[in-house]
Ligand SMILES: C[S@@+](CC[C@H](N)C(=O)[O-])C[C@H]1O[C@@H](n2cnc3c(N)ncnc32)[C@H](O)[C@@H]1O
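Before any questions on binding or motion, here is one chain by itself as structure tokens, the form predicted on its own.
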Amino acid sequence: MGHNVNTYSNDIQEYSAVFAKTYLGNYNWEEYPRIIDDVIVIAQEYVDNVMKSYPDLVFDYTDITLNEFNALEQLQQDLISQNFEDIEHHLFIKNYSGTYWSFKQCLWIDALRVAAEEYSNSPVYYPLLSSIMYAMAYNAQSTGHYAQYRDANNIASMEDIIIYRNKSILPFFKKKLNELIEYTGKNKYNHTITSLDYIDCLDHTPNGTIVYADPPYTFVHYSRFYHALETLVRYDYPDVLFKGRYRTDRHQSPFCKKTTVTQAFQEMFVKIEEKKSKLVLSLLYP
């Protein structure tokens, strides 16, 4: 659809808007013939500077016992109390080391995020962010989301977590960015992509549009599962709480609350009728 008609895409989560901007973007990749190499140079410089400032932050998972493993994880988790005053960009090494990712993986997440910001005024900014999120997902030792990370309660779970701890962020980033460069290109359509509340979104859409609505249908808020992606995109150093290191400001959808879901649907239906639009509503069958 994104290459056949003008589209208005909205999700209140900013990381979702990044994905939409990635696949609906307009690119001339010939202007960036060395973008992967150039990004890696910037990221490597960041990594080198951090390790020069903190040479003791090396965590080796080779040939360790269960107790040694958990102690190593705890040392990294305790970095949340570290100021890192002399490093301008340190969000992930501070907030997430030893949780979903190791310190080294967080270091490369920060590094690539720093490098991506060099392209913030270019359309390629969004494929860069999407590629980082892809790498995060395939290196995380959690169960496919970021509700909580796993603990090593026995040798088997420790060995499985170590498999993820020993993976590298960079190859996954390069793989996804190469795929996006191959898949995306010129796009003549003027798409609008926002991160608004659903009512505010409908206020901004033209009258007579076809609205495809896909609200959440469970009591579990999506922001609990994808808060780390939201933080990667916003990179705003949020206060984080609990084992999952959740953002304290994560979105709570009225469609996920028993006390507000009926009103949320009613308001959406009324607003779509006021806009003289057509509604296509996704349904979740039991």
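Since we're looking at a predicted model, the values are computed, not measured. In this text, residue numbers run from 1 along the sequence as written.
This protein has a second form, the form predicted together with the ligand, left out of what is shown; the following refers to that one.
With the ligand left out here, work out from 251 to 259, 44 to 52, 236 to 244, 63 to 71 which stretch has heavy atoms within 4.5 Å of it in the predicted bound form.
That would be 251 to 259.
Considering non-hydrogen atoms and a 4.5 Å limit, does the ligand approach Y198 in the predicted bound form?
Heavy-atom contact with the ligand at 4.5 Å: present for Y198.
Flag D151 as yes or no: does it have a non-hydrogen atom within 4.5 angstroms of any non-hydrogen atom of the ligand in the predicted bound form?
D151: no, not in contact with the ligand in the predicted bound form.
How about I272 - does it come within 4.5 Å of the ligand in the predicted bound form, if we only consider non-hydrogen atoms?
No - in the predicted bound form, heavy atoms of I272 and the ligand never come within 4.5 Å of each other.
Mark D214 yes when one of its heavy atoms lies within 4.5 Å of a heavy atom of the ligand in the predicted bound form, and no otherwise.
It does: once the ligand is placed as it appears in the predicted bound form, D214 has a heavy atom within 4.5 Å of it.
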